[in-house]
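Okay, so here's just one chain, in structure tokens, the form predicted on its own.
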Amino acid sequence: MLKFENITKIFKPEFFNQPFVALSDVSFEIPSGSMVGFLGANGAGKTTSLKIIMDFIRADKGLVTFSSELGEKRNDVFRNIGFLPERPYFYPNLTGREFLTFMGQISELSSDQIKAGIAKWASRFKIDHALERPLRTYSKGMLQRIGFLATILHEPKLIILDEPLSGLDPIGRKELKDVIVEVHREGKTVFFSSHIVPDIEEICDRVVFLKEGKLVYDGPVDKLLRSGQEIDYVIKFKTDKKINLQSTIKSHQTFPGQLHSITVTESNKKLILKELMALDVDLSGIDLIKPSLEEIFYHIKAN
């Protein structure tokens, strides 16, 4: 649905300051129907990338292309995109309904379409009770939800969100994540940036990973979780015998009820299982330990 091809963006501030390379030859793809997380620390180049996609700023090199699914002409393409910036502006004296009506009119929706869209989503976003209140009375979480509703009011095919969960409390993040998942299940392609790693891991099937303005990964979340990492296993068993294993283990814990838990590498797993079976222990289970996306995020290096 969207290709970001060999994009470089260099900001040239004051005459005596060094140019800042925000993006360096970055390429990635957003497949149709996917839920893609855009991961990176603050300053990694995420917002710059989204601004280039939305044509708010221009790249120095490279090309952004959209599939015909979004439209053949530029205006048609952007009519099929819903964008929520990191710091949206809300008119404080408008009510929630007035704000949504105004946004619907900007998107050239009819009055009936606007009313239908508000009726469809307001209760699901849990803001139907506040639509007649001025926006200045809304909490941060309520503003995020009404901003998201305005983003999808015109039924876009591609939804782009810049840090939609930033600044929300855990309950607010959970509620908004549920809404994002629901919209995705309706067939929308969702691309959202975040530096909150567990949120990406929880709901995305793919991830685009930037570090210091360079692409370090573009692909399935599960593949990233297994890439370049040694896989460990926890083996649990019960025995009243003294255990003296010949193979190397990473850790060994004992618990009440003669329960033992040992951590082993994938390469040693089979050998240790053979030793345990020879000792006639009561094997309780084997669990895979995979690194979290957060661990990978903080240790992976940019090319």
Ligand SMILES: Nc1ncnc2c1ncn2[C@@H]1O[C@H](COP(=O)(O)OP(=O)(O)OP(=O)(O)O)[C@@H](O)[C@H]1O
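On a predicted model such as this, the values are computed, not experimentally measured, just so you know. Residue indices: 1-based, along the sequence shown.
The protein also exists as the form predicted in complex with the named molecule; that form is not presented, and the subsequent description refers to it.
Student: Should the three residues Ile81, Gln113 and Glu155 be counted as contacting the named molecule in the model of the complex, with contact defined as a heavy atom within 4.5 Å for each?
Tutor: Contact check failed for every one of Ile81, Gln113 and Glu155.
Student: Is His195 close enough to the named molecule in the model of the complex to count, meaning some heavy atom within 4.5 Å?
Tutor: Contact check for His195: yes, within 4.5 Å of the named molecule in the model of the complex.
Student: In the model of the complex, is there a heavy atom of the named molecule that lies within 4.5 Å of any heavy atom of Glu201, even though the partner is absent here?
Tutor: Taking the distances in the model of the complex, the answer for Glu201 is no, it never comes within 4.5 Å of the named molecule.
Student: Would you please decide whether Ile53 lies within 4.5 angstroms of the named molecule in the model of the complex, comparing each non-hydrogen atom pair?
Tutor: Taking the distances in the model of the complex, the answer for Ile53 is no, it never comes within 4.5 Å of the named molecule.
Student: Whether Asn42 contacts the named molecule in the model of the complex should be assessed with a 4.5 Å heavy atom distance threshold; does it?
Tutor: Answer yes; at least one heavy atom of Asn42 falls within 4.5 Å of the named molecule in the model of the complex.
Student: Considering Asp128, Glu86, Glu182, Glu175, which brings a non-hydrogen atom within 4.5 Å of the named molecule in the model of the complex?
Tutor: Flagged contact: Glu86.
Student: Using a 4.5 Å heavy atom cut-off, indicate which stretch of 259-267, 240-248, 60-68, 43-51 touches the named molecule in the model of the complex.
Tutor: Stretch with heavy atoms near the partner: 43-51.
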